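Heads up, the chain below is alone and in the form predicted on its own; it's given as structure tokens.
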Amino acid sequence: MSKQQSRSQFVTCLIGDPVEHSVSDFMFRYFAKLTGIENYNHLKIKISKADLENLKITMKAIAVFGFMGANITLPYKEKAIKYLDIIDKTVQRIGAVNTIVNKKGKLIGYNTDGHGAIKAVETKLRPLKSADRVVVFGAGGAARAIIGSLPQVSHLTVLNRPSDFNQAEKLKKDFIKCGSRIETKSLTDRNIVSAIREADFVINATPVGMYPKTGASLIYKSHFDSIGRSRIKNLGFFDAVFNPFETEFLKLAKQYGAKTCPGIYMMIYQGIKAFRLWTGKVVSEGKVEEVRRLLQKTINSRYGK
């Protein structure tokens, strides 16, 4: 390959474990097509959780190989920060990174996840109000991004597994400094029912229900039976998981009359912002449903039963 050909290549990547379930390669290549970029490639790079030294090596490789940038997914949204040269104020506040831009060998960290999630919720469900009460399942990188991007709400409850309760307490401590009022509770049946009963929005920010374990959910029919259909039908449910297109979490909420928003919209909105950071090109938000249809078809054909 000549030097001229090499310079004309646009290469970005997804870094995480797992990455097999992702359709981000289809999405970003389609963004390139929409914006007239040729020779664009988006790679999926699995870095085993078993050896975190590999994450450090991979981050260095982004600069060495001249990649335009990267998306960071589970479980590295928090761990990758220490390998960056610069982080923007959003990453500083949230404590998680999902988008990296390689600028002349310097790695700059951003977080577009929160923007994507809130845009999805407000576009597909309804705008958030100061009187709203929000329940978030999970306290990892996705939860941090979503909580850090929420407008001021009346009350925020974080439900996390008892084994990871220290993670939730750290999140609470970090966001209290930013003026957020957060209540943390263990993920028990009683707490799930009481929190959802008082909520306006319920958000799953964990990987539970993600391919290949598509039958898993943090909420069950017994929880909703205890809460009652008349209450649930007034709630909005959002799941950060994008594969499958509709998780068990969302299917059950829909059965009880709730409005739901799949995580594919978060993926698309965060992707539009990340793509602009990498390339300077703007994907029109008028193309979101077109992109959603493409990705939904891809997910169903690749991973559907």
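In this text the structure is predicted, and so the values were computed from the model without any measurement. So that there is no doubt, residue numbering starts at 1 and follows the sequence shown.
Here the subject shifts to the form predicted together with a small molecule, a form of this protein not shown in this document.
**Asked** Pick from 102-110, 222-230, 189-197, 154-162: which stretch has a heavy atom within 4.5 Å of the small molecule in the model of the complex?
**Response** Contact-bearing stretch, as computed: 154-162.
**Message:** How about residue 218 - does it come within 4.5 Å of the small molecule in the model of the complex, if we only consider non-hydrogen atoms?
**Reply:** Yes, residue 218 is a contact residue.
**Prompt:** Does the small molecule get within 4.5 angstroms of any non-hydrogen atom of residue 142 in the model of the complex?
**Reply:** Contact with the small molecule, yes.
**Asked** Do residue 240 and the small molecule come within 4.5 Å of each other in the model of the complex, heavy atoms counted?
**Response** Residue 240: yes, in contact with the small molecule in the model of the complex.
**Prompt:** Does the 4.5 Å heavy atom contact test between residue 167 and the small molecule in the model of the complex come out positive?
**Reply:** Yes, residue 167 is a contact residue.
**Request:** Quick one: from 118, 125, 81, 74, grab the residue that has a heavy atom within 4.5 Å of the small molecule in the model of the complex.
**Result:** Here the answer is residue option 74.
**Item:** Contacting member of 182, 87, 150, 208, with respect to the small molecule in the model of the complex [4.5 Å, heavy atom]
**Value:** Contact with the small molecule in the model of the complex is made by 208 alone.
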